[in-house]
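Only one chain is shown below, in structure tokens, and it's the form predicted alone.
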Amino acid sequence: MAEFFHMGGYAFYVWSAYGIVALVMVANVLMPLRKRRILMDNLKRRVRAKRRQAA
């Protein structure tokens, strides 16, 4: 098992590559969700402002 994690001397390269890929995949999920929340908040704010102007 130790040899598997050592990976013939390339462990740092291999595990860091896995780590970077994992971070990018998580970011690919979280960033659009965050952007959507920001856009929805902006739209709600605009709708409230328009309603106040119309009233």
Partner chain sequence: MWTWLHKLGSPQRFYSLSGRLIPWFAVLSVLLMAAGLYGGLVLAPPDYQQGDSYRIIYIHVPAAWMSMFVYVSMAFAAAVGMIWRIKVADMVARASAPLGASFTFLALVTGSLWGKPMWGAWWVWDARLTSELLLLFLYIGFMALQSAFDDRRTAARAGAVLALVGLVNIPIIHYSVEWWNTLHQGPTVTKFDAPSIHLSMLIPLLLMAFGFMCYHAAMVLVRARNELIEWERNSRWLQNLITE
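Rigid core here is just the name for the largest C-alpha set that superposes within 1.5 Å across the two forms. Quick caveat: nothing in here was measured; it's all calculated off a predicted structure. Residue numbers count along the first chain shown, from 1.
As for the form predicted in complex with the partner chain, it is not shown, yet the points below apply to it.
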query	finding
The partner chain contact in the predicted bound form: Met7, any heavy atom under 4.5 Å	yes
In the predicted bound form, Lys50 touching the partner chain (heavy atom, 4.5 Å)	yes
Sequence-ordered residues of 7-25 touching the partner chain in the predicted bound form, heavy atom within 4.5 Å	Met7, Gly8, Tyr10, Phe12, Tyr13, Val14, Trp15, Ser16, Ala17, Tyr18, Ile20, Val21, Val24, Met25
Post core alignment: Arg48 C-alpha displaced by 2 Å or more between the shown form and the other one	no
Core-aligned C-alpha movement of Gly9 between the shown form and the other one reaching 2 Å	yes
